[in-house]
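Take a look at this one chain, the form predicted on its own, written out in structure tokens.
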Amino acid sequence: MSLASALIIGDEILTGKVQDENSVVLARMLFERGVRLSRIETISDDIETIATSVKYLSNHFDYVFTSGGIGPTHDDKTYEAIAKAFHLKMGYHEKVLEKFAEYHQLFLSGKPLNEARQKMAFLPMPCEIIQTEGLWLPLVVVKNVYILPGIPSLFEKLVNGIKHRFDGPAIERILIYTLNSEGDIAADLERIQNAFPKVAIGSYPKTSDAYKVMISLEGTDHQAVQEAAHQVEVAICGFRTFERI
């Protein structure tokens, strides 16, 4: 199974001004496409920090997805940092500039394509440009690094536009709920986990009237997931559906 990592870039995330929404969107897409998201890092808007993290993740994962730092302002440093990570030159991408000019003519009449806006077309070279229907902003790919914006609405559209590129083994997930506490079910879960080592079994407590613990079972061996789920359900007096309140 292919492994992916996410690099969330932005001082606004680290200081609590903005909450990260993009890693959840990415995780769901990759899960559906059979790619395991194995690491999520959050770092500051610093070129050296970004470059170091990108280089490490690129060397250790099949795919890297960055979020943030590609706008027109002085603190948007992701493109420059990724160029530094791979010892690439920066240059204006003519097709991206043309796309920006078209967008400005159609939707931002009277506003010039000034130097700040052109900065968003100053990219590591070489790179791959992926255009998404209806969007002016391209998705830039350098080696195995997918460079995405931090704006959640744009991030989600761009991610959904490339999901066809990823096609790993389908992962089955079954959720089971119980009114028992984790302490009551821990021994049974450990026993079943040992019997099904290829099934990932996770326990997630929640204090509510509907259930006390949610058990997640995941794996690519669908028969094993089904059998393990059945054993868990019986052992912990579990149920698969409940009325959400």
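None of the values given here were measured: they were computed from a predicted structure. In case it trips you up, residue 1 is the first one in the sequence shown, and so on.
Below, we turn to the form predicted in complex with a further copy of the same chain, even though it does not appear here.
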Picking from 146-154, 79-87, 160-168, 126-134, which part of the chain touches a further copy of the same chain in the predicted bound form when contact means heavy atoms within 4.5 Å?
146-154
Taking 4.5 Å between heavy atoms as the contact cutoff, choose which of 193, 58, 220, 178 touches a further copy of the same chain in the predicted bound form.
193
Looking in the predicted bound form, any heavy atom of residue 205 within 4.5 Å of a further copy of the same chain?
yes
State yes or no: in the predicted bound form, is some non-hydrogen atom of residue 98 no more than 4.5 angstroms from a non-hydrogen atom of a further copy of the same chain?
no
Please run the contact check for residue 51 against a further copy of the same chain in the predicted bound form: heavy atoms, 4.5 angstroms, yes or no?
no
Indicate whether a further copy of the same chain has at least one heavy atom within 4.5 Å of a heavy atom of residue 233 in the predicted bound form.
no
Do all of 184, 201 and 216 end up near a further copy of the same chain in the predicted bound form, with near meaning a heavy atom within 4.5 Å?
yes
Is any part of 20-44 within 4.5 angstroms of a further copy of the same chain in the predicted bound form by a non-hydrogen atom, and which residues would that be?
20, 21, 24, 27, 28, 31, 36, 37, 38, 39, 40, 41, 42, 43, 44
